[in-house]
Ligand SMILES: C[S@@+](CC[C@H](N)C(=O)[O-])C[C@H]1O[C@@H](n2cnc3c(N)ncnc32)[C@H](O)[C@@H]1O
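Next up: just one chain, as structure tokens, the form predicted on its own.
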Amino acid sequence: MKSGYQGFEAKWHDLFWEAEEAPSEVPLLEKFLEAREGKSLYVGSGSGRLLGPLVQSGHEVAGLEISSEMVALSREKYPDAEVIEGSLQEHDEGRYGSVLIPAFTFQLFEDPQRQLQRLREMTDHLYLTLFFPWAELSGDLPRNAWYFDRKITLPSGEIGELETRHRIKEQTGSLIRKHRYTSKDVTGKIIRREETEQRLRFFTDVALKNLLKKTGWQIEKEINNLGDGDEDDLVYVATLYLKGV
């Protein structure tokens, strides 16, 4: 069992995102950065999927990534984008004009309150994207059972499959997800299989606002579902522009 973005989870990450055809966060990030001055830090910059385009557009952004495999992928694909290998808690390079945490990375933090306090020491402006697991809570996805998630064709011609299994602790706002990655040849024969586990935090609207208030943040702007869809749609993704108070 692997933890963090390693192995297939790192190598296939961008391929799965591309196959989803979901709205990109790049326009929201650029809009946020246009109104902020100074160098920005992108926490959890991963393979450079969002960091690279921001740097190519002329924004002064450095990445911070804990996975050495993701750092290597980012540096290979976007050599002009600065990436620092390490964790947020250990990062100590002064203050930034803003900090970016898109793509639900914040929900992987073990102690959200402590990290928000740490972020408040680093900047007055924070970009944050969170998701709420409606499908898991409503029972649309089976609990404690493997289910097919998605499939891709790899550059090698092999098939990459992802299965997911989850359980929820509603009292503590925790979603524990296991991922099973399987590579198969063209005949369907299994070549290799890897499993990973993630523990994500999720927040009700009231709990999130209380947490932000405790840690010195206020919501400056909120964008639902990455700006895609109607205002009356169920909010499954919330992007927040936060300002320190």
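All values derive from a computational prediction rather than experimental measurement. In this text, residue numbers run from 1 along the sequence as written.
Omitted from view is the form predicted in complex with the named molecule, to which the following refers.
Put simply, residue 201 is far from the named molecule in the predicted bound form: not one heavy atom of it is within 4.5 Å. The named molecule in the predicted bound form is not approached by residue 52, whose heavy atoms all lie more than 4.5 angstroms from it.
Residue contact check for residue 5: one or more of its heavy atoms lie within 4.5 Å of the named molecule in the predicted bound form. Contact annotation: residue 88 falls within 4.5 Å of the named molecule in the predicted bound form, judged by heavy atom distances. Considering the named molecule in the predicted bound form, the lone stretch of 41-49, 182-190, 54-62, 208-216 in range is 41-49 [heavy atom distance within 4.5 Å]. With respect to the named molecule in the predicted bound form, the three residues 96, 117 and 243 uniformly fall beyond 4.5 angstroms at the level of their nearest heavy atom. Comment: the named molecule is not present in this chain, but in the predicted bound form one of 72, 108, 137, 162 has a heavy atom within 4.5 Å of it, namely 108.
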